[in-house]
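There is one chain below, alone, in structure tokens, taken in the form predicted alone.
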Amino acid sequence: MVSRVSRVLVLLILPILLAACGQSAPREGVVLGMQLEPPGLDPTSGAAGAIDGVVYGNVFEGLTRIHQDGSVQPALARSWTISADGLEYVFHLQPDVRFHDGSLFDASDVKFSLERASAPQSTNAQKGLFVPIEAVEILDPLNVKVVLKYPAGDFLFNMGWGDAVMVDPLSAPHNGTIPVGTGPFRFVDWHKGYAITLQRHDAYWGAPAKSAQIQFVFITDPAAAYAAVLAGDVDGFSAYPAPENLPAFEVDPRFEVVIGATEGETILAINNARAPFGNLLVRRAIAHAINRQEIIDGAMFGRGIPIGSHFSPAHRAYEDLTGMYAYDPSRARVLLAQAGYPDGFTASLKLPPPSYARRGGEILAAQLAKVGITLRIENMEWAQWLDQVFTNKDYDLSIVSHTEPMDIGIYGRDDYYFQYKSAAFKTLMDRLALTNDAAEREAILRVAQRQIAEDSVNGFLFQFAKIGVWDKRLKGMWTDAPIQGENLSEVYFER
């Protein structure tokens, strides 16, 4: 009988022997690092991008899905037809689809999901996606009609957001902790503070996932993330949190470094309803006090594109407005004096955990101090930030990256945490919603970008780069991130 000590020695020596033979230990799946742990796992009732980072396209699916190139593709709806006036969408559903608990998916689930998301008591973070919907009619189990109040040129794209995934009435109340969807992976367990594990769903209606298991391991500290990748404790990060380590990975033949685009507009969020930030001159002073490139170099080690409004440079309607408020501390001090603050003022800067926010916050505080604005930095955990800043609007300033696709419409929401109220901007968004012509939509979007820039609603910093670092043998990872999550069904570890 082999002793316990002998068994331990074998376990310790085996990886060394395999490495010496040029072999890898057998792998059941893929282990990915994530910096932020999601506060819950229901993408229809939470704003954190980390939720979609785990479950979008993996556990939950929508009528449509957004591919990594930004295109709209069929998902639970295999096809659709649109009326000539753009007011009626008939979705033809995939047959024989079941939720992970065995419940059949049909048109009644579509009606339930869309009506639940748009209900007055809904906690959906993107209720605006569902505003155009007038009614949802079940034609038969595999066909459902969605009637709109007005034409919505981006309706199919919006149905591919994580906020619009399909859920089952019985399991929906528990999706925050035990998510039940229709996707290629099913939820296995969640060890709070450590990891979430998904397993390939063998009864999936579509092409089976290439990996038997996906595990997300939460590593908040950038130094720990670096160590975990080097040691092989994780196979990589889709969004690597420590850009300062990239040169080391780029020269190491074991790893691949991939820089892509995201929809992440990184901003200095300003509470427009709290003094003195309701004063346009104060907000413009802050804009002139910000040195974007210094923040990009210091917080992102040069990885980022300066922006002058809340819009992605990758979009064809993008307008470069970075010159509207050039870095000019002298001008900032003049504006503060005109606003009645010749000696400046003191304010709080509440920062969520990501390194871009923590590092960027230190740099920003030093920049604003040069014009007389003293910032008290308060570092917060993600749940605290969501509660105090995003939900209860209890903040002066904050730094955060908004990763929702094409989300300029949030500036038309009076209850949004910026608390910016503009009838003119809302009129622009109403026009956009009624417009299907591509050229006209682009023209409206350019005007919208300019308005929020002129109003200095927030301090617009940089477009977040998607920094991927992973083992060279890991295949199928997304390069770009047009949405907050990515479908991992094509990801596998090459043997």
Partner chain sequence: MMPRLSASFVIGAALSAIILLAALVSLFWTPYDYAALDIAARLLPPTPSHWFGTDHLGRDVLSMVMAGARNSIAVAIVAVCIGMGLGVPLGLLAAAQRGWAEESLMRVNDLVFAFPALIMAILITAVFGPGAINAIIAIGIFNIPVFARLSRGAALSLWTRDYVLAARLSAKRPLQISLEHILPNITGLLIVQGTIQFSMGIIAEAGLSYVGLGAQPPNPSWGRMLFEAQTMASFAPWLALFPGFAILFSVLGLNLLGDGLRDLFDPKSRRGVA
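Numbering follows the first chain given and starts at 1. Quantities reported herein were computed from a predicted structural model and do not represent experimental measurements. Between two forms, the rigid core is the largest collection of C-alphas that superpose within 1.5 Å.
Keep in mind that the form predicted in complex with its partner chain is not shown, yet the notes after this line are about it.
With the partner removed from view, the residue among 103, 245, 94, 279 that has a non-hydrogen atom within 4.5 Å of its partner chain in the model of the complex turns out to be 245. When its partner chain is considered in the model of the complex, only one residue from 135, 259, 314, 223 comes within 4.5 Å through any heavy atom, namely 223. In plain terms, the part of the chain that comes close to its partner chain in the model of the complex, with a heavy atom within 4.5 Å, is 362 to 370 out of 419 to 427, 179 to 187, 362 to 370, 84 to 92. Within this chain, residue 301 lines the site of its partner chain in the model of the complex, having a heavy atom no more than 4.5 Å away. In the model of the complex, residue 379 approaches its partner chain with a heavy atom inside 4.5 Å.
Mapping the unseen interface onto this chain, residue 297 counts among the residues with a heavy atom inside 4.5 Å of its partner chain in the model of the complex. In the model of the complex, at least one heavy atom of residue 384 sits within 4.5 Å of a heavy atom of its partner chain. For residue 382, the Cα coordinates differ by 2 angstroms or more between this form and the one not shown after the core has been superposed. A movement of the C-alpha atom of residue 291 reaching 2 angstroms or beyond is seen between this form and the one not shown when the two forms are aligned on their rigid core.
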